[in-house]
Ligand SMILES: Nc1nc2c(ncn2[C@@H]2O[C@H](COP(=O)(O)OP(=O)(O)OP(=O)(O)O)[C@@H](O)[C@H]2O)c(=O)[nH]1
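Just the one chain here, laid out as structure tokens, in the form predicted alone.
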């Protein structure tokens, strides 16, 4: 599957940068192209300068709202971010259109953090405009949810998240939810944590996108999972997970390949990888709420068999009994067995519902606070009305 990737705001731009790095890795090691164009859109010039892989020209790192923000961001005001995106949308559309291999793309992937200003404001606007312009290609969103400490210290974080999620849900074909808190490493420095989180967010997409683009016969699975399967799976609220198990790199010459213990171990490794993928889903959810699901098994060809595929399918069916399940195998990895899982068309997402409920209760408080500020400012003006001015 080939994607046009567009990141909005600081977080979205950095995750898009990771997708560009993933594409470079696929080109170098597999001779496969999975990203036809990677773009970063921001109102802050410094954030655009901090990227490393996306091309540094103005068509790939797009500064919007320069007149209104002076290149210094919107300060978490997502209404302003939406307004700027609407005004400067032609810059973004023109950059997409100029992508050399644009018409090979299967879908758009737009990325933003829900809590910020530029990203959360711009992503619903651009999703809607791109869908109107390119109706034949699905438009997917990756929405990165805030850390717990951001939710508890900043009311605007929850309000922005609720507004962003409601807005994108009405226009995007699918919203892949990423909970930052599930990827955090307490002992790492802030810079390392952010870089590691971005890499972990993107890693599950590597085999998923590469599998359908393979050209060499030995790397094409018995049941190939391609863009059609992914498009039919991704609908509405979605989560993604990735798990892996290490395999012995070298087999001794005298080892029996048909030993029953070896076969049992391979099946156990597969279940272990599936269990890892389900426990590391990008957002906590109930798999029973999923109406669509997909899993991709990637391993050396000799390690995959019908028993393993059946066990994995039964395992996922037990967890998500209502889901239509699609699957595929990808004979590629060496010394490793890994499983990518997608649960989509979720009936309910507790985290999203909580954002809506908390935000609804916050709106009257925010309005009351604004009234108090205006009232106090009026009192100061009244107190100074008898004082002469030099202006």
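As the structure is a computational prediction, the values presented were derived from the model and not from experiment. Residue numbers count along the first chain shown, from 1.
From this point on, the text means the form predicted together with this ligand, which you will not see here.
Undergrad: Would you point out which of 269 to 277, 297 to 305, 207 to 215, 114 to 122 contains residues with a non-hydrogen atom within 4.5 Å of this ligand in the predicted complex?
TA: Stretch with heavy atoms near the partner: 114 to 122.
Undergrad: Residue 146 near this ligand in the predicted complex, any heavy atom under 4.5 Å?
TA: Yes - in the predicted complex, heavy atoms of residue 146 and this ligand come within 4.5 Å of each other.
Undergrad: Since only the chain is shown here, I'm wondering whether residue 194 would be in contact with this ligand in the predicted complex (any heavy atom pair within 4.5 Å).
TA: Yes.
Undergrad: In the predicted complex, does residue 10 have a heavy atom within 4.5 Å of this ligand?
TA: Residue 10: yes, in contact with this ligand in the predicted complex.
Undergrad: Residue 245 near this ligand in the predicted complex, any heavy atom under 4.5 Å?
TA: The answer is no: residue 245 has no heavy atom within 4.5 Å of this ligand.
Undergrad: By the heavy atom within 4.5 Å rule, which residue out of 228, 75, 313, 321 makes contact with this ligand in the predicted complex?
TA: Among 228, 75, 313, 321, a heavy atom within 4.5 Å of this ligand in the predicted complex occurs only for 75.
Undergrad: Give me the residue from 203, 83, 150, 106 that has a heavy atom within 4.5 Å of this ligand in the predicted complex.
TA: That would be 150.
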